[in-house]
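Given next, in structure tokens, is a single chain: the form predicted alone.
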Amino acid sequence: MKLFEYQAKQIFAETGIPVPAGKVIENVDELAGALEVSGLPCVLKSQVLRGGRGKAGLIQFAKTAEEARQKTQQLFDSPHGVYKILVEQALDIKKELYLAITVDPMSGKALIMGSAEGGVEIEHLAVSAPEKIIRQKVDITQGILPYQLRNMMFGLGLSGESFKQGMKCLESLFQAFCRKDAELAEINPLVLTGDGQMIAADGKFSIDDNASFRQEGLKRTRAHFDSDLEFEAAEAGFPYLKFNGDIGLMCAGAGLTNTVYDLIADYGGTVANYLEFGGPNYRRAVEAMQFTLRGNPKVILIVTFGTIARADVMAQGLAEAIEKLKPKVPIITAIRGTNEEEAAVILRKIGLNPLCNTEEAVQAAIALCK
């Protein structure tokens, strides 16, 4: 679960990482109170879960209260789904650094990354100048050690008081990373101000979904999603993505879904929506089809390959869903895996043609759309 910037900064503040003075608002009328906290000049930061906010005009600077009010209204009226704005003090930036912690999938250790060139798109820096990113692996069960903190600060080129502040900041970030079951904790930029203070000017924080039940107060809201339908599906336990095409996908597994999506694009089709029909959801065909139909597809394409998720159970669930929902759009199936022979029998009984070839199923769905 990705957190908004203001939530990440709340975690930073709780663990002792300095953040700019600021307050979150949900409408223009709350701006005056926020300006009393942030002061002027200020920064108006739209709280949306996307990168490139500055380029999209979702971060604005204001020198006066009237300018702040005008720009706040513009942000709330924008088509980007802005529900909250973080009003913060404008910092006197002397230097920008990058600091992040994630999980190294090969070793299972925490991977700490830092760069003396913060405030830039770190992905581009990793490609164009990878030597400028310093890395340190830390055993999570052992915790971060003093020499590892020092190594990172030397790598960032810090000295004196900023060296000490940087060590404290990284140690606090590591504590937050472990305590919140994080997959990513990032400060970009970590700012060194004109008066020598080190402040987290921006932050990203992502929590492992499997551990979210341990994190009280950090619950998904409508603002985490691009549409009401995606939010409702997530609340019901279905990963769901809405697009603007023709084919409604019910697939099992991310790898298979990506393959099917690519095949649809390759053969000239488009996707209306995607719903995860595998994992814990393969016995919930009625609910799955309800959400898929709400995406208004021209065709529903069901492609699965299950070992634990049995094909016959999926097929029987589809039979129940069709009987109950009576969909008016055609349905194409390629349900493979455990007990697929029994699944084929069930599908034929309800008038569907069980296909065994994924590409054939994709081509059939596209032909029906046309």
Partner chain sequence: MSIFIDAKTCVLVQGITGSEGAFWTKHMKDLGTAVVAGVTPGKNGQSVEGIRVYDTVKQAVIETGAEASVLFVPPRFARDAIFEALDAGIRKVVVTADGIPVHDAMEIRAAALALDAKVIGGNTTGVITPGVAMMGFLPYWIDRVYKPGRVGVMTRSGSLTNEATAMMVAAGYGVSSLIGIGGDAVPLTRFAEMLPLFQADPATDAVLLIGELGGTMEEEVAEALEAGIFTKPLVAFVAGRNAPEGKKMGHAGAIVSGGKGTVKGKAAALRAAGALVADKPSQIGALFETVFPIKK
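C-alpha atoms forming the largest set that superposes within 1.5 Å between two forms make up the rigid core. Positions refer to the first chain, counted from 1. Not measured: the values here are computed from a predicted model.
We do not show the form predicted together with its partner chain, though everything after this point is about it.
You can rule out all but one of 284-292, 85-93, 195-203, 240-248: in the predicted complex, only 240-248 has residues with a heavy atom within 4.5 Å of its partner chain. Although the partner is absent here, Asp228 is not a contact residue: none of its heavy atoms lies within 4.5 angstroms of its partner chain in the predicted complex. Interface membership of Leu97, defined by any non-hydrogen atom within 4.5 Å of its partner chain in the predicted complex, is ruled out.
Although the partner is absent here, Glu117 sits far enough away that none of its heavy atoms falls within 4.5 Å of its partner chain in the predicted complex. Within this chain, Lys109 lines the site of its partner chain in the predicted complex, having a heavy atom no more than 4.5 Å away. None of Asn258, Ser78, Asn296, Thr221 but one reaches within 4.5 angstroms of its partner chain in the predicted complex through a heavy atom, and that residue is Asn258.
Shown without its partner, the chain has Cys356, Asn357, Thr358, Glu359 in segment 353-370 as residues with a non-hydrogen atom within 4.5 angstroms of its partner chain in the predicted complex. Arg310: CA moves 2 Å or more between this form and the one not shown after rigid-core fitting. With the core held fixed, Thr338 shows a CA shift of 2 Å or greater between this form and the one not shown.
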